[in-house]
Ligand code: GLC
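One chain comes next, on its own, written out as structure tokens in the form predicted alone.
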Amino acid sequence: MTLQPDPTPGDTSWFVHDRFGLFIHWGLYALGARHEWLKNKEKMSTEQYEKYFRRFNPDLYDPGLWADAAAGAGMKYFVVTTKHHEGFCLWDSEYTDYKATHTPCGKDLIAPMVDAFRSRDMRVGFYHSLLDWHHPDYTVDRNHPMRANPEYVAADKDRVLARYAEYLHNQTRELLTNYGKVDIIWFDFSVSASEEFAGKGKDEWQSEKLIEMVRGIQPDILINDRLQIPQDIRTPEQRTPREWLKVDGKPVVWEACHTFSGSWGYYRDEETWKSVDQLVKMLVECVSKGGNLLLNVGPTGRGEFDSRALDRLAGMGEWMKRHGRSIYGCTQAPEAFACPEDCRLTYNPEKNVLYVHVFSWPFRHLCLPGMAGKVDYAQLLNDASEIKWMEEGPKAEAGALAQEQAAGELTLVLPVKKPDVTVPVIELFLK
């Protein structure tokens, strides 16, 4: 029996089927090209940061190319930073001048992006920062760039955080009203308190009121867990849980968000990029534990995915082209199916098909405990070539392949040479 999370307020049926999405972190920090938190890390004032606003002009921006790269990788939805912590807005918001239309760019960047991804049958998600280091009423906290500036901190007495909350709600309403159906709203994040500064959470964001408004405008939308009020999706960041993520002992809908490298925004000199092999295994790992993978790209200041990102997306796409059905519609395998060493299992409950992802290719034999009598047909997924097997007991007819097997064990007889794919997958059609 497969694990099944309890229903949530939004419709997660498509989400747990599609499994693989694209995260896009894009803003003024792309010009600094040294981390999306550079304003925080370098304790930059708004005046110092203004140079990026004056120069923001992504003249090579072509959202159709972005959508093609994502769709080619096998991704089924995307989530873009409409506004990150820096406060800069990628759309033509009526509530601020700190937006793309007031830079040399001079246009709304969200509308054509939404159109491009929708035209490739991908679902739409908006990331929206709860933090805002630019807004005049946003008070100082442990993450604020001006936390070490006594004069700026002292001016908090004149700031009214409730006015910022109103701004947050107004912009959220705007995003959910002006761009058609939005499938995900990804808020980020509630701030913990420190010795010097108060935190910010559900009371400061007015989360209950915000959620009510969001669902009133987009009833089927999925909301993440960072408003301090659990909703539809749990979002472990830069880590993959060791098992299906549970809350109070119950499995929940979850999605791990990861980067290609050590940064979310474009970072020119960052060199810890994951290989295609690592990324494919990361996706498999998530699905094998009942979760999704949201994989991030940070476009450049000129509006392109850089060559390293395109290389990884293309590599994942080559694998997904032949192995997508071990991901889409799949989930954690029932506990009755024991996972062989150096493998991961995914399972399609509708089709009753088990997928064995072989992380380390063995020599000739792969033993599946407890699977004797349960398999109707076996094949390599990449080329649909048949895989023979032996069931329990001595098999004299197998000649040189004869071996003693444990009770209930099924042994797949594999080719000596590993298939020429990143992670080979064996498709088992069950009885």
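We number the residues from 1 along the sequence you see. Every value quoted in this text rests on a predicted model; they were computed, and no experiment measured them.
One more form of this protein, predicted in complex with the named molecule, exists but is not displayed; see below.
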Of these, 38-46, 371-379, 66-74, 22-30, which stretch puts a heavy atom within 4.5 angstroms of the named molecule in the predicted complex? 22-30
Would the named molecule in the predicted complex be within 4.5 angstroms of a non-hydrogen atom of every residue among His85, Cys257 and Trp264? yes
Contact assignment for the named molecule in the predicted complex, among Trp319, Trp186, Phe78, Tyr355, heavy atom within 4.5 Å: Trp186
The named molecule isn't shown here, but in the predicted complex which of His128, Arg344, Arg226, Lys289 has a heavy atom within 4.5 Å of it? Arg226
Could you confirm whether Asp311 comes within 4.5 Å of the named molecule in the predicted complex, counting heavy atoms only? no
Taking the named molecule as it sits in the predicted complex, is Glu237 in contact with it (heavy atom to heavy atom, 4.5 Å or less)? yes
